[in-house]
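Taking the form predicted alone, here's one chain by itself in structure tokens.
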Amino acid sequence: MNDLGRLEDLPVEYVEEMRRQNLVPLWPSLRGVLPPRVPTRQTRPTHWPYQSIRPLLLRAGELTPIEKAERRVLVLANPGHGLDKMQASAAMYLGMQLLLPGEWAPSHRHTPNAVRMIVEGEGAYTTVDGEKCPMSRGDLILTPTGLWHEHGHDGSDPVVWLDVLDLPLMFYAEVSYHVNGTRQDVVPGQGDRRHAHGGVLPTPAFVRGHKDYPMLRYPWAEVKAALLDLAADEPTLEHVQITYVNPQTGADVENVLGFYALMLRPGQTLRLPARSPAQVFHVVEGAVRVQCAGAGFDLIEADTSCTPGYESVSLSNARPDAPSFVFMADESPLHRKLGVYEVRG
């Protein structure tokens, strides 16, 4: 028996009187909300194979026109949270979004922060705060809180991207909403060009206006080159990883979730220590086996998986003769702000 007592141990009339007054006794449920040493977690290790998702996503394109859907997305829902909750972890939402040639997803802005990791296709773009960001496989595009954004497609083949939002957190905090807008006028210049050279930045006094997010597009070609250069420069380095940062501040690109790219050397197995945040892994190139909490998944290109916090994770490159590259997202910035970030070795 729970050493704090059970609700059913209390007199029925006492319980009913409390409920009439919107009162709840804490002690029968205390260990549920404050368990010893390890938090209660609903996030389960989960794998979403892209080859299973893609036919359903293309079928959605046949069944639902963009004018009706506005955003044509299949949500990657973690069964531990319940499919109706539409969340991958406590603070992360994932979705696979489809845009067909000639379509335009209208402009809006919302309180949740979002990023787009491009999965396949060419010819589409996202316009964010007036900046037109081309979409190519592996590119990361930010649509931070409050910024207008829309999607268009001038190419000839379907384009798909992975959405990562802090929507569950915003919804829980009762601050999640959106506002519809009109088509944006594109302004000259691209942040990824202005910040493309390491070690040098535009001098703030001579840059037109001020932006909290000076770089909205992080091209995969540059990210992959950075990983390869890091691996070559430090051949004994086991953990070859970069962090997507705001080039003006050095801080995480957005204020709730963190984003990273990882390179696994040929045949390498890398153990990530148990940390408090949940993690998302998406294979950009190669093949990777993910093992966590007794579960194991074999990911190929465009596959996505999620692991809970407070569990170590093992990543193994299934390619013995070539590196594999993984995009990662986690809740580290949020945990640091809350003062609960932990690494347990």
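These figures come from a predicted structure and were not determined experimentally. Numbers follow the displayed sequence, beginning with 1.
Another form, the form predicted in complex with 2,5-dihydroxybenzoic acid (GTQ), is not on view; read the next lines as being about it.
Here the marked residues H110, R116 and H149 all reach 2,5-dihydroxybenzoic acid (GTQ) in the predicted bound form, each with a heavy atom within 4.5 angstroms.
Stretch 67-75 is the answer when you ask which of 67-75, 187-195, 266-274, 230-238 has residues with heavy atoms within 4.5 Å of 2,5-dihydroxybenzoic acid (GTQ) in the predicted bound form. For the options Q248, Q97, T145, T127, the one in contact with 2,5-dihydroxybenzoic acid (GTQ) in the predicted bound form, meaning a heavy atom within 4.5 Å, is Q97. Note on the partner interface in the predicted bound form: the residue among D252, D139, E103, D163 having a heavy atom within 4.5 angstroms of 2,5-dihydroxybenzoic acid (GTQ) is D163. At a distance threshold of 4.5 angstroms between non-hydrogen atoms, F259 is out of contact with 2,5-dihydroxybenzoic acid (GTQ) in the predicted bound form. Using a 4.5 Å cutoff between non-hydrogen atoms, Y218 does not count as a contact of 2,5-dihydroxybenzoic acid (GTQ) in the predicted bound form. Taking 2,5-dihydroxybenzoic acid (GTQ) as it sits in the predicted bound form, the stretch 167-183 never comes within 4.5 angstroms of it through any non-hydrogen atom.
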